[in-house]
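Just one chain follows, in the form predicted alone, and it is written as structure tokens.
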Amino acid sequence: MSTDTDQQAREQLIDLAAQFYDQFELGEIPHMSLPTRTKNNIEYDDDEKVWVYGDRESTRSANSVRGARKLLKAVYTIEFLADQLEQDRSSTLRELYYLSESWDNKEAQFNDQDESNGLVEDLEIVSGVTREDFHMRPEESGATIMGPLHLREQTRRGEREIHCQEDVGEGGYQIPNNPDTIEFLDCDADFILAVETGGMRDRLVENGFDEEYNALIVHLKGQPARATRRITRRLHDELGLPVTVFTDGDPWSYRIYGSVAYGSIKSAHLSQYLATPDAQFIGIQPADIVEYDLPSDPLSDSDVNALESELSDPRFQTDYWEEQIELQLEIGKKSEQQALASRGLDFVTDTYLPERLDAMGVI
């Protein structure tokens, strides 16, 4: 059943298309202005405590063949999304790419999925509507929650209540594409532990970490999907739960933490909606590699370049990160979460995490 949110999203899309027609009537070349999505155009919002786009803009204009094609694709996509909302249907980002092949104008068809994904992000920015409210879904993320949380969710068969420990198997509760449809009923958790890898998530569950420490274990499944970041933000804001992020000790994993805490460059327009700036890093630190003599691998050239890039990334310009990154460049090593198993299967739940969490004031 179509909702007020669906209607509002559809009206925003139609208003956007109408702007192109208004530009035609005024004798203007149709155009669309967007913030420049680069690291150099990221600014810290003191009020929201997240990183957002600055004032630099780029313009998509029909004053060239290439620009005209981009706007043509935008118009076709707007029509498709508006029809989808009117019919109360949904589709995946992958399906949109393939659907374009059926459009009657070949110039409107996408060359690859990166192009269609980027256009959906553009439409989010200029319309102020999220892709979830466009009824656009990513491919299944598979991210889950395990812990003492009781919630109510909307399904095709109506509402259902779920306890994320008692009513689920070892895999946990799968986070839906749009977490804003979830209602939190009760929660006995003391904090959130967002975990990068499936292997470590399974170790924590098998060792009963969620029960012993009243933790909500959120599996990030690598670079976290938007739904995962959104529900983490909601759990923090609405239930007052501290958020900790447990990752591997390499530059790519630090960026996973950065996307949870501060947002990502490509979705900086949604940082206030997705990012949790109070999130704390509890992943493998370069200092841990030295202190615990963890099994490690040498840094590759791309690792070194990524670390050096992070030193100039505004999300990592703190004393803590500068110290850790410089130490990692000095020792030339990286290590995985599961390297902690070199000290025994229970070391991570009996020693490492409790000591880190205690030092951080979480437990």
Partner chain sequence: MTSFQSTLGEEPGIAEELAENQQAISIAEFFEKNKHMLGFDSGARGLVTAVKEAVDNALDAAEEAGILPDIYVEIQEAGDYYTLIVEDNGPGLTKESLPKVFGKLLYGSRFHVREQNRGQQGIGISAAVLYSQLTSGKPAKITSRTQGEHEAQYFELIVDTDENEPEISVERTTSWDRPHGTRIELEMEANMRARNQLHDYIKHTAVVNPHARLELREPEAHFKFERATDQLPEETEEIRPHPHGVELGTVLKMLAATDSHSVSGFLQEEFTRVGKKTSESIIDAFRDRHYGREMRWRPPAATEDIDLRTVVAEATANKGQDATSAFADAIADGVDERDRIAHHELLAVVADAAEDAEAEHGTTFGETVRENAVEAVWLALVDVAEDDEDRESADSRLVDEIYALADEATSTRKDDAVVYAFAERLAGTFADVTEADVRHRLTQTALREAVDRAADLTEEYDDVAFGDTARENVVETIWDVMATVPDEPPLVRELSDDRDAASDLVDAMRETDIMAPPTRCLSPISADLIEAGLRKEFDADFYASSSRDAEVHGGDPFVVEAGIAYGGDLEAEGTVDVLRFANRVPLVYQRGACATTDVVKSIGWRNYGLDQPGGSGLPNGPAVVMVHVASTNVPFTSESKDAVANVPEMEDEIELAIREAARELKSFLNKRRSMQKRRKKQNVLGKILPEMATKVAEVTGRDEPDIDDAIARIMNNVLVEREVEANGDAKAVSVVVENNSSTSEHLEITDIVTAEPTALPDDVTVVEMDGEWFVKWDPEVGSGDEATLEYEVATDASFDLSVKGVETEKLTVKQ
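None of these values were measured; they are calculated from a predicted model. Residue numbers count along the first chain shown, from 1.
What follows is about the form predicted in complex with its partner chain, which we do not show.
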{"query": "Location of its partner chain contact in the model of the complex, chosen stretch of 331-339, 314-322, 43-51, 60-68 [non-hydrogen atom, 4.5 Å]", "finding": "60-68"}
{"query": "Among the candidates Ile162, Ile265, Leu72, Ala279, the residue which, in the model of the complex, approaches its partner chain to within 4.5 Å (heavy atoms)", "finding": "Leu72"}
{"query": "Of Glu86, Glu206, Glu79, Asp293, the one that lies within 4.5 Å of its partner chain in the model of the complex (heavy atoms)", "finding": "Glu79"}
{"query": "Exercise: Ile14 in contact with its partner chain in the model of the complex, heavy atom 4.5 Å", "finding": "yes"}
{"query": "Distance check, Asp22 to its partner chain in the model of the complex, heavy atom within 4.5 Å", "finding": "yes"}
{"query": "Distance check, Pro35 to its partner chain in the model of the complex, heavy atom within 4.5 Å", "finding": "no"}
{"query": "Distance check, Glu28 to its partner chain in the model of the complex, heavy atom within 4.5 Å", "finding": "yes"}
{"query": "Sequence-ordered list of residues in 84-113 near its partner chain in the model of the complex, where near means a heavy atom within 4.5 Å", "finding": "Asn105, Glu107"}
